[in-house]
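In the structure tokens that follow, the same protein chain appears in two forms, which are kept apart as structure 1 and structure 2.
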Structure 1
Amino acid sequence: MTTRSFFSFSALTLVLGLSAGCASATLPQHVGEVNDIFAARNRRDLAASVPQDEKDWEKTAAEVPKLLSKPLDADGAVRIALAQNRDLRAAFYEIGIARGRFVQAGLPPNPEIDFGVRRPNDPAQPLQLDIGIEYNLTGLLILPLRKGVAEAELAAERLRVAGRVLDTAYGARTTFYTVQARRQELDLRVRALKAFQAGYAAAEELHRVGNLPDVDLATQRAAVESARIDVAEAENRLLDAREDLNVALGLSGEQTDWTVEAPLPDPPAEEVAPERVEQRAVAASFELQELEARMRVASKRAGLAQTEGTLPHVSGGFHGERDGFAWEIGGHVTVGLPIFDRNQGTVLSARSEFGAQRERYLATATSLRATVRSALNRVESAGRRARHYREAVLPAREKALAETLLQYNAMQVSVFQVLESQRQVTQTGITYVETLLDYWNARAALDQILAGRHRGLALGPAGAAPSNTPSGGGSAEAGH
């Protein structure tokens, strides 16, 4: 080793074969792993579908065109999102990133071979040949620990992506509900506009024959024009909701021609409060499981760093030197003394990381329990309100309308008052739709939590959003 290396090379890859299978893991395989998690939880409906061959990544899953060819429903929207959503697809690839790290961590260090050739100044001397082989023994010893860290990371990543699947499904579902609600709202606003137009038609005719002053006609006209704005705003809200759903479902081009026919369903007659929701939510939580996995990662990382820190760096090798016609052979061992750098900093970081994950786990569990309780409350409250609208408020409004019509027949009130009563029915219908949306969002949120995800829920403020009252109040007075 006293001779200077003439040239050297390293990193001659020795294919050891032990990780050959893993190294070729593909997208369908990553997806399959996540699907297995849901299969184990009996939630096959959340299985994502992807092309069989990764090269076909641009291909549309076979079920998507079928689902898009008929009016969409909420489950169909979820299916499409799981097949098409490209953010979700990206997340699946991220499993591949973690798997790659795991594969990488399982590879033994490569041996290094030195060749050396020296020509002595004395021409009579033959070429001097050196050959040496060097191997990192500590790296080999530490290999199972490194692999353990990477495996724990891979497991955590799978759980993270499973959570993303839930997010995607939930996003598709709630966005779909919003489309339904906005479509119904638009229908009702159009109905309100029609009522104003009918009032205006009556006013126009009565004005034409000299029975109504200009002021009443103008008032009716103003009401119609304001109602048009209400319709235009509702139209815009529907278009926005459609675009949100296109994004959630990963649709573009001709695929965005989908239709929705069914209105938001009425809430079931009696809400059954799930048993032991808190325990079930905690048991199902992907977030908690992922945090547990991250704790394991931190713990293993600390162990690894500690081992690395205390273990002297040992590498060994053999050396051969051909001097003239004879080989001289010997071996050596290099020992790095763990005197100053015993990985103290890395260990400290890893332990702190563990502590941080543990606290985050507890915080998450607390917030999860609160969220599931509030989602349950919301389901019950919104359900009760929606049922009350359906069973009490709407019938009462309709009865009021029928009675107003009778009063009209009895020549007690004007056509304008009849139409005003009709608009009250419409307005109540709009509030009912908002309450239904609140209910179905709450249902989706509760299901989402019980499926394992409690972050990013769109519960919003309690109570139906105060929808715009139809414009042009006071028109009932017209002609009076």
Structure 2
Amino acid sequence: MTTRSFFSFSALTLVLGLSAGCASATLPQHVGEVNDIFAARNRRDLAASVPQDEKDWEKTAAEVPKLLSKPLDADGAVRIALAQNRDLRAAFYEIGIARGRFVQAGLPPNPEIDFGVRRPNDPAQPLQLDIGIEYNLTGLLILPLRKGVAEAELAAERLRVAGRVLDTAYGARTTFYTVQARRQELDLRVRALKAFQAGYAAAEELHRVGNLPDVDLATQRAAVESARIDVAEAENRLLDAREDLNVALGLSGEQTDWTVEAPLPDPPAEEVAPERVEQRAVAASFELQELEARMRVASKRAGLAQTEGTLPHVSGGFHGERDGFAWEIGGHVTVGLPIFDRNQGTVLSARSEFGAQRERYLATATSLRATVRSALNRVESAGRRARHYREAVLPAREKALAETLLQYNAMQVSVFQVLESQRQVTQTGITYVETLLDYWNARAALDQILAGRHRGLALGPAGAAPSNTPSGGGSAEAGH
């Protein structure tokens, strides 16, 4: 009786003269590829702000305290966010995932070596040896197609991460604007509280001498306490905005002790030029370019699946057998016939994916154009409102306060009317600040769109702080 043992393994040490490129890629290469995209768009400000390797990140981290030692501005916030935001750094590492698939797709199939040992029944006879080598020829033929699919996926991933760079910059800028607005709001709320406190002090004195009814004194007291709540809420909104900015900038510990001194600037006199804004946005859109790349991926994947399904699986090799003291050597070819499984389902899935990406492309283009128009309308509307507050409403309120003071000096009105006029000035200032925040958020959104990103934008009003300032008015007939 003959016994036979057989085993096979992949010949990992056998190297063909085919190469798919370097099997590893460094983080600087990933960052550099995205930076090249921005450099091609003349946005070197963004490209130069992202460190290229861990040493650069460590160097930038060491410089952050110097940047934070001075009052922070919007551009500085963006620079710190691009250099320190960990989510953005993770996105650059994710390019390596797609690059790994690209490298893997370009590797040729491994050969296989089979060994066999047979011992005849006669112990005097020598062992019989079999050796064979097998290679997947079909896998080698479709190697360029596989590599093409992975290369298209890598290109789409670069565009996705470039969009994340814009998202990070936009988030840092708008969050910084919110901090500025909440800080101004707090200052105005404190000013309003002081006006209420002054009104209550005057009411107490008038009540003491019998010139103010109890109900009016109680009204003034309620106004003071409501104003205290307004100040506390404004403080909380400022603290929340600061923490949001800390997250956007990747700051923690002592780094969170930064300051902001400059208020929100007034809107510029010139309007945004609306010429060809939609066309510029479409041409710059990373979303559309990424969808185009995804469409190419689906198309290449469909072609690969169809080729794999129709191309017979062909493998070839050599076989040697030692029977006794002589070797017998020959070759063979194995052909797998594509009769039943021709990748029909894979082809259908890939073609359906292409159709889905095409429809998403058209839907995104429509949404992008509408978003451009909305952003442009918001910029123009908020800018007109902000300029109207600055040039008309605020001066009118201040003029009314000045006239009320003149009448107060002439003993024509009470101190409560003066304080009410002052509170109206303060409340108008708060509304103006919210309008400024609305304007600068809209400007940032429009700049973001023209830079290539339109999803995730806050185009609505900035979320005005609650205006629950009570009138706090006292008796108009109270004495001077």
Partner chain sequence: MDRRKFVQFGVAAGSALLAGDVFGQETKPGAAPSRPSPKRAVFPGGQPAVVTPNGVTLPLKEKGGLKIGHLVAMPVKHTFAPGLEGDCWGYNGRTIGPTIEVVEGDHVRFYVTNKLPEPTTVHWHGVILPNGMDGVSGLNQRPIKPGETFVYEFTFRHPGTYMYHPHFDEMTQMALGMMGMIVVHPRRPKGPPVDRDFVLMTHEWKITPGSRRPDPNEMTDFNVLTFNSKAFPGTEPLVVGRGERVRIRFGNLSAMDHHPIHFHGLTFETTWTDGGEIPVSARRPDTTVLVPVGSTRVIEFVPDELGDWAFHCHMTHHVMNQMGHGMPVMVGADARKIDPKVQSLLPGYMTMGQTGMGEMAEMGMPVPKNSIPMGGGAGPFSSIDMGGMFTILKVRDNPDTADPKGWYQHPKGTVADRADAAAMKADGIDPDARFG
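Rigid core (definition): largest C-alpha set, two forms, superposition within 1.5 Å. As the structure is a computational prediction, the values presented were derived from the model and not from experiment. Quick note, the numbers are simply positions in structure 1, starting from 1.
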Please let me know, 1 or 2, which structure is the form predicted in complex with the partner chain?
1
Yes/no, G345 Cα shift of 2 Å or more between structures 1 and 2 with rigid core fixed:
no
Inspect the rigid-core superposition and answer whether the C-alpha of G116 shifts by 2 angstroms or more between structures 1 and 2.
yes
Honestly, after the rigid core fit, is E204 moving at least 2 Å at Cα between structures 1 and 2?
yes
